[in-house]
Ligand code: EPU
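One chain follows as structure tokens, the form predicted on its own.
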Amino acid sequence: MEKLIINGGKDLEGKIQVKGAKNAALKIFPLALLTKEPILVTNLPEIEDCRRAEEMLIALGHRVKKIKHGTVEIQFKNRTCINLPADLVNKFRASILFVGPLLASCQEVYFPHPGGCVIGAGTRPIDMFLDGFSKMGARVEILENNYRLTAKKLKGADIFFPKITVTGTESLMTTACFVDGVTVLKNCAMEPEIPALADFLNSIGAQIQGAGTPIIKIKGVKELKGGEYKIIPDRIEAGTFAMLAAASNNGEVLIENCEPLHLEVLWAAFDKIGVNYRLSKNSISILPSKKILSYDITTHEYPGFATDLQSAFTVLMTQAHGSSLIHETIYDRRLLFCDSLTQMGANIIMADPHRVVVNGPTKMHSRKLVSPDLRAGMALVMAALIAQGQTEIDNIYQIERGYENLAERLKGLGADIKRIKE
């Protein structure tokens, strides 16, 4: 088992590059099921979730060819319609994105409940996916431990999402490209990864209007071509690095290859709390600040404060002057990692499962920790870097699901961090 060993309290300064967006990269692999022509994927983050997506595509009889670091070619190979492998489905929730393309191209798909992080385990059902496929004409059977979907022919439909869902929006938008008629999706998510996916689909022959707004209209087509998809920069990684630099508050940190416009809600918060920063077209500079102030946040769908940034912001607030209320509205259990921060010396009061009060600033101390999920794991790395002493973090597979070569990149900023095998 791998772990991270971090000697905290070091000055952080220098440059760090943002990788391609995990939440954009995972959505491209299922498209190989809908076109017989190759798709070249560039700026691909080499992370565990992408490796699982590659393995899923190969298990379904198709090809993934690595061209160079960060570049792969994915291609249809055989019309081999098999069940989605349980061992892969259980490892990443984005496996649900293979269901629609398989259903559209093979008329049948059989799969277990998707896995991934433990956060929101009781409140991340797939009913909105199943309801959408049903409205398109699929027959949905819920078996003891699996789902079976069949459809002789899918058709366009009007579909309203009762709750905003990013993956649901992407899944049904992608599937609708290959069904008869027009599909209208309402109350859609508006995250930047959605118009990025729609723009690529349109470039290979799809007919999608309105991506990035609450209403998306898709006219089905008979075929899609191949093309090149450059993955947009990961806004969650960029925001997390910005908060790490602000919390360490030492030298200047330059975050390159990013899209600052995707993080306007974070810059609004930085303006309130006194973080000294500069933005350019493709980079962010975080400079030492005189004093970080407390600030309340409530997570919300884009363009609101992203739930995936909440864990890092909670760590930042341990170094702020005053009391901050952190209100997590998207996922259950996402605030449970605060117990680890408390063990490190943070002054955090849990008001209820969705709200904590962070009192700061506090000195953080080293501990032996276990990463509970992807974003909380990264927040613990952030806490360890600003803490005094040596911290060990186990279960780093959860962190490596979303952050490429993290230890080496942080070393470039002066961090004393190493990845070891027990």
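We number the residues from 1 along the sequence you see. Since the model is a prediction, treat every value here as computed from it, not as a measurement.
One more form of this protein, predicted in complex with the named molecule, exists but is not displayed; see below.
Chemist: If contact means a heavy atom within 4.5 Å, which one of 377 to 385, 363 to 371, 25 to 33, 64 to 72 is the stretch that engages the named molecule in the model of the complex?
Modeler: Of the options given, it is 25 to 33.
Chemist: Examine I348 and determine whether its closest non-hydrogen atom to the named molecule in the model of the complex is within 4.5 angstroms.
Modeler: Close contact is absent here: in the model of the complex, I348 is far from the named molecule, nothing within 4.5 Å, heavy atoms only.
Chemist: Does the 4.5 Å heavy atom contact test between V166 and the named molecule in the model of the complex come out positive?
Modeler: Yes.
Chemist: In the model of the complex, does N250 come within 4.5 Å of the named molecule, counting heavy atoms only?
Modeler: No, N250 stays farther than 4.5 Å from the named molecule in the model of the complex.
Chemist: Counting only non-hydrogen atoms and a 4.5 angstroms cut-off, does E259 reach the named molecule in the model of the complex?
Modeler: The answer is no: E259 has no heavy atom within 4.5 Å of the named molecule.
Chemist: Name the single residue among I208, I297, I232, M128 that comes within 4.5 Å of the named molecule in the model of the complex, judging by heavy atoms.
Modeler: Among I208, I297, I232, M128, a heavy atom within 4.5 Å of the named molecule in the model of the complex occurs only for M128.
Chemist: Using a 4.5 Å cut-off on heavy atoms, which residues of 188 to 213 contact the named molecule in the model of the complex?
Modeler: Only a single residue, E191, comes within 4.5 Å of the partner.
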